[in-house]
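Below sits a lone chain in structure tokens, taken as the form predicted alone.
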Amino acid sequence: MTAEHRIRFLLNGQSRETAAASTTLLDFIRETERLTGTKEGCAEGDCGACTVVVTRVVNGEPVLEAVNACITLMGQVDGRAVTTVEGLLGPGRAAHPVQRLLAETDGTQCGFCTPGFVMSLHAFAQSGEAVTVENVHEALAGNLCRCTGYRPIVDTALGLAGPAREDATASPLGGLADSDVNVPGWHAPRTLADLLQLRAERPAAVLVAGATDLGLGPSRDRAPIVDAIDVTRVPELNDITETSTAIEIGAAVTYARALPHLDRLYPTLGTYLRRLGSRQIRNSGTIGGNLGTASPIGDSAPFLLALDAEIELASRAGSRHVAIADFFTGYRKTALKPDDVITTIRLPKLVDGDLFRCDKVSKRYDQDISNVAGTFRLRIEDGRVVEARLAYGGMAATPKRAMAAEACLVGGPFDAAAVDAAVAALPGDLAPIDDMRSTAAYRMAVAGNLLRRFLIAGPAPAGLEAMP
């Protein structure tokens, strides 16, 4: 792993190399390549003006995904193909079907956001998904338009049933990512053993998975990452394994890959995760990375706490398992040792008699930081609650269970009286603060109301979808 291997990728079909690993993809596209069709808006992955399509090979087949170039780092595109809006133009600079349809439906005015919409629509057209209004809205939820309005843009998407499908191929990517990346400040090992060796040698290095949070440093703050270890190329961290009692998700598995499994196994979790971030964010972000940041408002921790999940940590000394309840040790602090790496998250499955709901309140319904997040799991036997797990985010220095409130529910029926008692007990469990997003009083009221909604919405038994 001592020889330097530069970052190699395709840009609009042309080979490129760079050693500037922590430069953002957007800066490389605009400033190095002078491809200025891709725009910079928010610089933090919210507006979608910078959307490009990244193609990677999965099981020998190409997968095209929309990502935010503003928070994607160059090290992350090694061995992949990047397509910008310029790359969609055909011979003689003929318009791509997406571009042509967008013009014909009057889906553009000022044009600033248009390249991002074009690329999101291009990825959607290649996904093989049914072209329905619901799927179109989800595909476009990460792109903001301030002047055209969404109706003509949605009309464009609804016209994509066929004309924009293309025969993508994995062959141009062959051989680009055969070696470990090893350039100054960036390392991307391909084996778990090499990852653990690097982690032992570089305990101060930043571990990079999706970089949807870490990418803000180079993008918004212009603070490059000095030393990074990319964990996403290690096979074990990309596995999803399901047994009769649990599902195990590798720490580098993206939300997009995990979503179909979690949507099927846990009522309302799919809806909750689709609110966590746009499709661009879910194509990059990971549960392992969300845990590693240890944010008290991270959206993964509440549902993991409610499910009594377990995290596998590994180092050269071996692996160990830590209950999610023991993982967070303080504000932005975890049980990770300096040479540890998160490898797997194990989620027990629901069983007959389990009631489960994920919920959150945020200033904006989609893709916004939670003011309060709550996930609730009850086990009902003979009409009485025998086990309760109420987990909240945004209500303390760490994600936290409300154990006094849980005790109010156990032993009796799940009814309004029990919920009222549990809500009254919440102040003994949780100590929210006033900040720019919410007051403590507001958070406490919301925490209680989420629990009341758990009852009112008619929580579904395991395997059935509850009311949204």
Partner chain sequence: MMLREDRSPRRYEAALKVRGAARFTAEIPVASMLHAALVLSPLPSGRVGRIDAGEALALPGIVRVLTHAEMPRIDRPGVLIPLQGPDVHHAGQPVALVAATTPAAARRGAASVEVAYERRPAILNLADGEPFAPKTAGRTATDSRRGDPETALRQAEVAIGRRYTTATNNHHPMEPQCVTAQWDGERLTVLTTTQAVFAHRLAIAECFGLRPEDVRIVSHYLGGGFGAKGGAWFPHLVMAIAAARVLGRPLRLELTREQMFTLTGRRQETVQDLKLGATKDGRLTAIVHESLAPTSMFGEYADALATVTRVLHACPNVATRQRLARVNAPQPNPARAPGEGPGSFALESALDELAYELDLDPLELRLRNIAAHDQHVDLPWSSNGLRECYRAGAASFGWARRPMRPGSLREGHQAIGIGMAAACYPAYRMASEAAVGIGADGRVKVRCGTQDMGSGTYTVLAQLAAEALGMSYAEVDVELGDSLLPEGPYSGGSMATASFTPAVETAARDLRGRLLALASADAASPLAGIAPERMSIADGMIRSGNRSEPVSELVARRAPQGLEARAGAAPEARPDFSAFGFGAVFAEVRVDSDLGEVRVSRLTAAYAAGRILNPLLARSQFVGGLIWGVGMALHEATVMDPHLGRVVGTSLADYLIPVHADMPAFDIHMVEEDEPRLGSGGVKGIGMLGTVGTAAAIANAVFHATGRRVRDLPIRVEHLLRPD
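Residue numbers count along the first chain shown, from 1. Model, not experiment: these values are computed from the prediction.
There is also a form predicted in complex with its partner chain; it is not shown, and the following applies to it.
Original post:
Is its partner chain in the model of the complex near all of 26, 28 and 241, within 4.5 Å of a heavy atom of each?
Top reply: Heavy-atom distance to its partner chain in the model of the complex: none of the three under 4.5 Å.
**OP:** May I ask you to state whether residue 55 is within 4.5 Å of its partner chain in the model of the complex, using heavy atom distances?
**Re:** Heavy-atom contact with its partner chain at 4.5 Å: absent for residue 55.
Original post:
Does its partner chain get within 4.5 angstroms of any non-hydrogen atom of residue 450 in the model of the complex?
Top reply: It does: once its partner chain is placed as it appears in the model of the complex, residue 450 has a heavy atom within 4.5 Å of it.
Original post:
Does residue 401 make contact with its partner chain in the model of the complex, using a 4.5 Å heavy atom cut-off?
Top reply: Looking in the model of the complex, residue contacts with its partner chain do not include residue 401, since no heavy atom lies within 4.5 Å.
Original post:
Do residue 186 and its partner chain share at least one heavy atom pair within 4.5 Å in the model of the complex?
Top reply: Result no; residue 186 lies far from its partner chain in the model of the complex.
**OP:** Could you tell me which of 85 to 93, 300 to 308, 243 to 251, 200 to 208 sits within 4.5 Å of its partner chain in the model of the complex, going by non-hydrogen atoms?
**Re:** Looking at the other structure, the answer is 85 to 93.
**OP:** Identify which of 106, 227, 387, 129 has a heavy atom within 4.5 Å of its partner chain in the model of the complex; exactly one of them does.
**Re:** The residue in contact is 106.
**OP:** Would you mind picking the one in 455, 446, 20, 11 that has a heavy atom within 4.5 Å of its partner chain in the model of the complex?
**Re:** Partner contact (heavy atom, 4.5 Å) among the options: 446.
Original post:
Which residues from 25 to 45 come close to its partner chain in the model of the complex, meaning a heavy atom within 4.5 Å?
Top reply: Residues within 4.5 Å: 30, 31, 36, 37, 39, 40, 41, 42, 44.
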